[in-house]
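Just one chain follows, in the form predicted on its own, and it is written as structure tokens.
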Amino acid sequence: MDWLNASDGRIETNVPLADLTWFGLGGAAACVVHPRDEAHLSDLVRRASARNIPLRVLGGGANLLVCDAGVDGIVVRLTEPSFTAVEFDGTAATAGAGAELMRFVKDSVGRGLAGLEGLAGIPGTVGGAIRMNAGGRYGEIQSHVIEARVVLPSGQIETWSRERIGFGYRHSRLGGAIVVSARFQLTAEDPDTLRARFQEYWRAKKESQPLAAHSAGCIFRNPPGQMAGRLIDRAGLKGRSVGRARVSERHANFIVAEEGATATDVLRLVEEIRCAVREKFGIQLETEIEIWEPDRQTCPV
């Protein structure tokens, strides 16, 4: 990619992505670029689009499975200070898309600012959390987003309101727009009370999910009126393995990658779960995780 240059930011080639994802699986990226700021990101997006070069954004790698063959094109990582800074202004906060979500949540709690504590234990970055409307039984990130600054596939930079972002269940209408920062409205509360609530949510998550294992969080979305984990459990799939990928005994909507597992093991187990639940309950499960496949090759499943 001789059209890339030093002004685009730090550039790496043939980067193993397994080390950058929570699953710890998958092949390499042909090229990883760390833009310096939103202006450089905007220019990079515009030039990649003009050349029909695929471009993906890798945040914390918490909700992602990379196929064993890796990916072509460009992987963007928003790791520079301009994308990771967090600023507080009274009860409002502005966070870069590359900011670590849990650090942002803990900082908010420590300042006695309520609203994000329900995200306790959810890994990843602020940008990724907004894209998928991260959350759980204690709340979703959408509730406190005021607006987000985004780079469109054309390279144009815009500010989108919460309404335009179009949050839904583990979904948004961002499409190809890349979040670069977001502004949040929080509420002042007694720090000790808030800290206790955060710790309660964190303990509940640790007790119910295999957080210490290599996994990518919940694999499937909950169907309307149902819980995916409960359906998988009722289908008798807890502990089911394909290769070195296994359905967690602690939470059936988690797949654990044991030592020696491959992305292909996980993908085959995903399909086995989907088929079993469909046959037993007539329900088609949809994946919640993002799956990266090669652009010029076929993912082996």
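Counting begins at 1, following the sequence as shown. Just so it is clear, the model here is predicted, and its values are computed rather than measured.
If you look for the form predicted together with a small molecule, you will not find it shown, but the lines that follow are about it.
- Although the partner is absent from this view, V57 contacts the small molecule in the model of the complex, with a non-hydrogen atom inside 4.5 angstroms.
- Using a 4.5 Å cutoff between non-hydrogen atoms, H144 does not count as a contact of the small molecule in the model of the complex.
- Within this chain, P123 lines the site of the small molecule in the model of the complex, having a heavy atom no more than 4.5 Å away.
- Mapping the unseen interface onto this chain, L116 falls outside it, with no heavy atom inside 4.5 Å of the small molecule in the model of the complex.
- Exactly one of the stretches 266 to 274, 62 to 70, 42 to 50, 239 to 247 approaches the small molecule in the model of the complex with heavy atoms within 4.5 Å, and it is 62 to 70.
- Not one of I74, V105 and R183 places a heavy atom within 4.5 Å of the small molecule in the model of the complex.
- Put simply, of R164, R170, R111, R197 only one has a heavy atom within 4.5 Å of the small molecule in the model of the complex, and it is R170.
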